[in-house]
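Shown below, as structure tokens, is a lone chain in the form predicted on its own; questions about how it binds or moves come after it.
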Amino acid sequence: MTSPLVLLGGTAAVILGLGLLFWPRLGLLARLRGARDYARRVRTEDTLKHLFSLEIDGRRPTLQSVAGALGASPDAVAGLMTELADSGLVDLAQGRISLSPRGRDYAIRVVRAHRLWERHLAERTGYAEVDWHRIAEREEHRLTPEAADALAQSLGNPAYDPHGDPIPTASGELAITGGLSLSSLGPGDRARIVHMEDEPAVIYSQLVAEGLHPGMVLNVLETDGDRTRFWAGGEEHVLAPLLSNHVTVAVLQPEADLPEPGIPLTQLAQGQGATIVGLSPGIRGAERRRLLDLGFLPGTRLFAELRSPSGDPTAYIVRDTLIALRADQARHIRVQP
């Protein structure tokens, strides 16, 4: 005969199992539903953001373009478009895909969250620049409008993200920026970089490795069908069309062209002294704060004391302290020999 204690224990196990399965908010089924709802919202927001980006560029979205952006099949996207149309977020009149006013407002909120988060990553964290877009792609879906407003206020309500894209205001206003592709300039043209496209990541990482950033002034030296050669940041750069097409510039009048002062610290010869005139806008966030904390402040005198046999890093005397910097750090420090 089965003991009552055994029966009681079995009943408790069943109750516990049912609780783990059906418990509100914390049960397995509730968590599965939450994950499914979150995935559906991410898919919706990614779709609206894609449609909005094409609208800004003056291009017409298609099932194929949306499928490519989402990594889904055209059949799945067709069903999604029907769902979004039923929700009042998309218009499908005359066989064309377009955002409804409600869908456009929603898309702008997502864009605002993304660009604010990128600005946060640039100014407040030590994440590498090439990782900002990927992280913001994830966090944009978690940032509520209220949290976005608080983040914007803490950042000083910035107008642009680190790549030069305008950040929508809380009321949904979005500045439309113009400019030309760097590849369209000719020899002798002077311009300021106003935007660097951060997708695809492999191209953006090459632009970052070149030391380019929004706000940098450049002087085109030579162009042909295979490359654009220009001077910027105290260095010569050569970009293939695939890269220069991802850099947007504003042409400057001669009197408006005020290049960054001084020269990069990397150009200082061993044993040579100089005065720091500033830090390049190309260095941000934790790395910028670290250089300031180490004493690389405008007006400070320094000396290039010792260079490693390989040429990198170089040790500098700053305020009676010997500090070694890699070239990719030193090139952001502008000095006057």
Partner chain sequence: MPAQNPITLDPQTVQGNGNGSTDAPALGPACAACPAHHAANLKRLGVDMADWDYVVALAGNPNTGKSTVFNALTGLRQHTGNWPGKTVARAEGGYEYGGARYKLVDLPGTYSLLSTSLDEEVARDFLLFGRPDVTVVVVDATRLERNLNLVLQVLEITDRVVVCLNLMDEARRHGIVVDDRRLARDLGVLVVPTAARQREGLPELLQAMQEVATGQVHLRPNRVHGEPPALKQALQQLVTRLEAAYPQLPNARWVALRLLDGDERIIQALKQGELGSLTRQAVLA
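Note that the rigid core is defined as the largest set of C-alphas that superpose within 1.5 Å between two forms. Positions refer to the first chain, counted from 1. These figures come from a predicted structure and were not determined experimentally.
As for the form predicted together with its partner chain, it is not shown, yet the points below apply to it.
Under a 4.5 angstroms non-hydrogen atom cutoff, its partner chain in the predicted complex has R290 among its neighbouring residues. Remark: L294 counts among the residues lining its partner chain in the predicted complex, judged by a heavy atom distance of 4.5 Å or less.
Using a 4.5 angstroms threshold between heavy atoms, Q153 counts as touching its partner chain in the predicted complex. Its partner chain is not drawn, but in the predicted complex it has a heavy atom within 4.5 Å of N157.
With contact defined as any non-hydrogen atom lying within 4.5 angstroms of its partner chain in the predicted complex, the contacting residues in 308-337 are V318, R319, D320, T321, I323, given in sequence order. L302: CA moves 2 Å or more between this form and the one not shown after rigid-core fitting. The Cα shift for L70 between this form and the one not shown, taken after rigid core superposition, is smaller than 2 angstroms.
Compared with the form shown here, the C-alpha atoms of G156 and L294 sit at least 3 Å closer together in the predicted complex. In contrast to the form presented, in the predicted complex the C-alpha positions of A324 and V208 spread farther apart by 3 Å or more.
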